[in-house]
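For reference, the chain that follows is the form predicted alone, supplied as structure tokens.
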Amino acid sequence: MKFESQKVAKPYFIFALVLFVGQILFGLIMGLQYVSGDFLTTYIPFNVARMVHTNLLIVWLLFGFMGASYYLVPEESDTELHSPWLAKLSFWVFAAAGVATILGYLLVPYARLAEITYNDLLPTMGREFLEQPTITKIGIVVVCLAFVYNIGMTVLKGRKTVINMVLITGLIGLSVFFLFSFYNPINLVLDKYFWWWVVHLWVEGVWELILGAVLAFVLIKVTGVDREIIEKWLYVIVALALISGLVGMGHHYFWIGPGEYWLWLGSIFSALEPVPFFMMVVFAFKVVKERRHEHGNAIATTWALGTAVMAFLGAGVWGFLHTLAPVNYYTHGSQLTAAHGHLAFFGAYAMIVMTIISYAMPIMRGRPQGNPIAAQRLERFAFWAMCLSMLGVTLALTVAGAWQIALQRLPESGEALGFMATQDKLAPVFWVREILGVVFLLGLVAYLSSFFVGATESEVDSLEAAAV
């Protein structure tokens, strides 16, 4: 590790993974409630489980992005972090706010939670992904401001690289677009119109800049390829991602009331969104093929390549499947949306966080060439278990979505099944999804366990000989 202040990333990574486990557990609870409606509903109703599942997803990814930034920015800037104590303070504030909010969802009825957090003074609650109490949202803004200030000051006093510039642009965008969560108009069309300015412009806009910057950083470290080559690729990918993502937001406007021109803009530009993800796949494999050295942390390279492939499949291919307006007419809000969402979030964002953790955590623990071979073997099992099971979950939900459309939306109104009757027909597919979810959890447990596997005696002797 080059700089002492990079160690502040460690608690962010650890807490992110703890929250990730929680997200998967609540996902499994929801999966069982799909096929057995009475499962734990007295204690954790489906709407509460869903709130916790989606909110944990957002929060653990934010912790992961913060940890990644605190680790790579000092190294890219070639200077110590501007304020390590501020990073530590922000961690505890954000962690406390996150835990308190989740406990509030679980222990207090949502209407009562809104009342005791004085939501009536500035109503922001009640919207999907943005269910957090207003006081929590204010806390998130404060944490984001402190975070961006800390990273920005570090970049200003140190070396300015393309990776740093792309990353800080993404982080500023993340903070700015979250402010739209405070705008909660009474008009439902306006509400949905600006709701996407948080949700879409995060995941299909500025988060892609963070993804590209972190991926470029890891590839430079594990391959030794010239920075200039990687930076040229990064410029092109980021430009295409921003152009297609910003205007492609129109594919969410098809059915909520804005102008008809969004049917064309949303279809055309969102159809271009797979292009930067495909370029990311080509870029990653080209860089690894042209690498100048074999890094000891081979599994980090695997995670980097896997991120590019899975992001392309989830955000690119499965996004394109139902993004054109004539197709979306039938698929909107079906299980196809869930299929795309699961694979896109995992492939693009969960995997890039696990990539940087796989690379950086061993270094912060005194293992600059990565974890021992046995640990990397276990982590490789975790990689394939999570990737294959998530692909299986996505395929299961795709089948469920196509079946749902055939039963519920394609027939004439007199022949179409109702929603609940359709759900009963889909139960076998939901069982498959649940089983694959358990496999995913086992893979995640293996990933966590790999960091506790020690070196063999022969590996210790080799390291001691190399040190001498």
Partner chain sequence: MADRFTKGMARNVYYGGGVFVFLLLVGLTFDTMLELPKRDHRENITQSVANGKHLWEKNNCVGCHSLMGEGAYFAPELANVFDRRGGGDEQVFKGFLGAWMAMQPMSVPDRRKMPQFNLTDKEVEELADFLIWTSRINDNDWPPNIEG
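In this text the structure is predicted, and so the values were computed from the model without any measurement. Positions refer to the first chain, counted from 1.
Keep in mind the form predicted together with its partner chain is missing from the figure; the text below concerns it.
Within 4.5 Å of its partner chain in the model of the complex, a heavy atom is found for not a single one of F182, W207 and P428. For the options I256, L305, L272, M153, the one in contact with its partner chain in the model of the complex, meaning a heavy atom within 4.5 Å, is I256.
Taking L242, A385, I220, A344 one by one, only a single residue has any non-hydrogen atom within 4.5 Å of its partner chain in the model of the complex, and it is L242. In the model of the complex, its partner chain sits within 4.5 Å of a heavy atom of F46. Not displayed here, its partner chain is kept clear of W403 by more than 4.5 Å at the level of heavy atoms in the model of the complex. Although the partner is absent here, W197 sits close enough that one of its heavy atoms falls within 4.5 Å of its partner chain in the model of the complex. In the model of the complex, at least one heavy atom of V35 sits within 4.5 Å of its partner chain. In short, of 307 to 315, 388 to 396, 166 to 174, 368 to 376 it is 166 to 174 that has heavy atoms within 4.5 Å of its partner chain in the model of the complex. Contacts between stretch 164 to 194 and its partner chain, counted in the model of the complex as any heavy atom lying within 4.5 Å, involve M165, V166, T169, F177, N184, P185, I186, N187, L188, V189, L190, D191, K192, Y193, F194, listed in sequence order.
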